[in-house]
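Presented as structure tokens, the chain that follows is alone, the form predicted alone.
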Amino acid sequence: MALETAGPLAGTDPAAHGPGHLTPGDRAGLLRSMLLMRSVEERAMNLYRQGKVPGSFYDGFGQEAVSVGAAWALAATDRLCILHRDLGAHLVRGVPPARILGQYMGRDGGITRGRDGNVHFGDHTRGCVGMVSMLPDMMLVATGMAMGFKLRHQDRVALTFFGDGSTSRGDFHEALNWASVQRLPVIFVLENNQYAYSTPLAAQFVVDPIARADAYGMPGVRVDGNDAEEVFEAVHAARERALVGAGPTLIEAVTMRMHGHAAHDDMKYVPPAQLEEWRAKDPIDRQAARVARDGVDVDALREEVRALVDAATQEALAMPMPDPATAHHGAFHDPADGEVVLADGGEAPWSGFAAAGGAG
């Protein structure tokens, strides 16, 4: 059951755009996607506590605006490297919630059919690249994809998310340097959520990572990571820049990790006052207030999302566990299965793509 973005909430009249590039329908769609992300993760956490999700569990509570706002700005043919706190990007691209919940529980109907860790997944048919735990590595993957787009003269961009802790590794510098030297169509989205596990920013670096963009000859843009519309506008501008050959952009989305690093982390190292400060900046509350002023029934939207997740949960629980005898299936491509044909990508719900005649 995929997230629906068509219909009255996704108006495509260019004249309906406000000062930025979002229609009232887009703004409501952003809220719907953030609500869905939070609801799916809350349900998954409950399933984890019931012993139905193996391993640990990682969520992006409080960071929903980053992945949703960024993914909303991308076309169907663009590619995303999506990490463990960026579930909203999967949902915006049209990955069904039931398949995600099935993934968390290791079911055969999950995205990897039970063959990888619960947060290690990507649906290539939706343009979503599966993550690995060494998170800065995905910066190199996105840079490599962008290099391929350039060599093939394709009007496409790659985008990768990564955390503040990633900026202390060599992968960060290698990706930024090569992308800038080659003027590649890649967007680097730094999710500055204040902690690299338990290490605060002050113990990680002296110079803010966004200042390093200038050293690599690319724009560095800092945005409010709890404002989905601000994130969208920054990524939209970076994408437009990339498509005309102007190269990469580093975007720092300042946010807060409101839960522990994972379910096993009680985050006692975070001062309570800091959490309260950020709780008042909740991205869903902020967007809900905006769309309510547009006349959207937010309570009805919340109920719609709740019903969607209820149905997705039942669908996922009904999925069988994978047959151990098939564990080796899919490890390598069998030529007898024919050529692998990749789809154009996932959904691109931004109204601007539809208004441009399906450019997304």
Partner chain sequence: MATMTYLQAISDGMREEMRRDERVFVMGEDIGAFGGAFKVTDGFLDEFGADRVMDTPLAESAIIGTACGAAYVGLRPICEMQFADFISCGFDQLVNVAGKMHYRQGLPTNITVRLPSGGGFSGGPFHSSNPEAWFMHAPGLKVVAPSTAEDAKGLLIAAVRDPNPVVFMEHKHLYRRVKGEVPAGTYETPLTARIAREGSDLTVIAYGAMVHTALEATADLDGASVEVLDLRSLVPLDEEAILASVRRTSKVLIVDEANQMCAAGAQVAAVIAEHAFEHLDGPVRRVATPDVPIAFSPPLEQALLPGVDRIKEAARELLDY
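Please read these numbers as outputs of a predicted model, since none were measured by experiment. Numbering follows the first chain given and starts at 1.
Below: the form predicted together with its partner chain, not depicted.
Peer 1: Tell me which of 66-74, 328-336, 37-45, 293-301 has residues with heavy atoms within 4.5 angstroms of its partner chain in the predicted complex?
Peer 2: That would be 328-336.
Peer 1: Just give me the single entry in M134, A289, L275, A246 that has a non-hydrogen atom within 4.5 angstroms of its partner chain in the predicted complex.
Peer 2: Exactly one listed residue reaches within 4.5 Å, namely M134.
Peer 1: To verify the annotation, which of these, M256, L83, I284, M145, has a non-hydrogen atom within 4.5 Å of its partner chain in the predicted complex?
Peer 2: Selected residue: M145.
Peer 1: Wondering, does V129 line up within 4.5 Å of its partner chain in the predicted complex on heavy atoms?
Peer 2: Result yes; V129 sits at the interface with its partner chain in the predicted complex.
Peer 1: Please determine whether V141 contacts its partner chain in the predicted complex, using a 4.5 Å cut-off between heavy atoms.
Peer 2: Heavy-atom contact with its partner chain at 4.5 Å: present for V141.
Peer 1: Consider F149 of the chain shown here, and say whether it contacts its partner chain in the predicted complex, taking contact as heavy atoms within 4.5 Å.
Peer 2: Within the cut-off, so yes.
Peer 1: State yes or no: in the predicted complex, is some non-hydrogen atom of F232 no more than 4.5 angstroms from a non-hydrogen atom of its partner chain?
Peer 2: Judged by the heavy-atom cut-off of 4.5 Å, F232 is well away from its partner chain in the predicted complex.
Peer 1: Where, within 168-188, is there a heavy atom within 4.5 Å of its partner chain in the predicted complex? Residue list please.
Peer 2: In sequence order, R169, D171, E174, N177, W178, Q182 come within 4.5 Å of the partner.
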